[in-house]
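Just the one chain here, laid out as structure tokens, in the form predicted on its own.
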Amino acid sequence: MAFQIVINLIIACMWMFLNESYTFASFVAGYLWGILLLFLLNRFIPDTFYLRRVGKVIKLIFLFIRELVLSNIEIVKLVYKRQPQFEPGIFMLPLDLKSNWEITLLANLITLTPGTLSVAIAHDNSHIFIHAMHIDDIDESIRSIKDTFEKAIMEVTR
């Protein structure tokens, strides 16, 4: 992916030099031509087309924002009840992620979402322990994290 971005930047700079127009608009036009060339010559480049991964990163960002807003609404509902009944607890989430980078990203996304906190990661990186402010169903909480954050992280990194 990094190789394709560098090639695209080189194409954009070459476009500016060939047009003898050193403006931002000329750079953007060259960058768009570079995207088109990389897409057309994708079979000669060793990695998949990099804009696909960029799209998945943007999808992960929007997923996090959506989960952030929804969890904030749930926390506000719990806090402002007349007689709040919290069921806090710690549960163990089995991981399908393998690299340290993927696990760290998942732990940070969980911690940044209100109502949940990554407490610890198993020594063999097979599980992550999560404290939740309110747990109705542990299996539902595990499935929710696996279907949202873990799935999106695997799409981005693999």
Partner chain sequence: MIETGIDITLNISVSLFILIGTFFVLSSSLGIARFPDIYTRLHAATKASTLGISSMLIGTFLFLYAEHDIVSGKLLLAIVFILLTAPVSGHMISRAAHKSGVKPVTANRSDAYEDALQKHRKNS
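C-alpha atoms forming the largest set that superposes within 1.5 Å between two forms make up the rigid core. What you see is a predicted model; the values in this text were computed from it and never measured. Residue numbers count along the first chain shown, from 1.
Absent from the display: the form predicted in complex with the partner chain. The rest refers to it.
Engineer: Let me test this: is every residue among Ser71, Lys81 and Thr113 within 4.5 Å of the partner chain in the predicted bound form, going by heavy atom positions?
Structural biologist: So, yes: the whole triplet contacts the partner chain.
Engineer: Sort through 94-102, 30-38, 123-131, 52-60 and report the only stretch with a non-hydrogen atom within 4.5 Å of the partner chain in the predicted bound form.
Structural biologist: In the other structure, the partner sits against 123-131.
Engineer: Would Asn108 count as a contact of the partner chain in the predicted bound form, using a 4.5 angstroms cut-off between non-hydrogen atoms?
Structural biologist: Yes, Asn108 lies within 4.5 Å of the partner chain in the predicted bound form.
Engineer: Please determine whether Ser118 contacts the partner chain in the predicted bound form, using a 4.5 Å cut-off between heavy atoms.
Structural biologist: Answer yes; at least one heavy atom of Ser118 falls within 4.5 Å of the partner chain in the predicted bound form.
Engineer: Quick check on Ile11: any heavy atom within 4.5 Å of the partner chain in the predicted bound form?
Structural biologist: Although the partner chain is absent here, Ile11 would stay clear of it in the predicted bound form, with no heavy atoms inside 4.5 Å.
Engineer: Should Ile135 be classed as touching the partner chain in the predicted bound form when contacts are defined as heavy atoms within 4.5 Å?
Structural biologist: Result yes; Ile135 sits at the interface with the partner chain in the predicted bound form.
Engineer: Determine, after fitting the two forms on their core, whether Leu95 shows a C-alpha shift of 2 Å or more between the shown form and the other one.
Structural biologist: Yes.
Engineer: Taking the rigid core as reference, does the Cα of Ala122 move 2 Å or more between the shown form and the other one?
Structural biologist: Yes; that C-alpha moves by at least 2 Å between the shown form and the other one.
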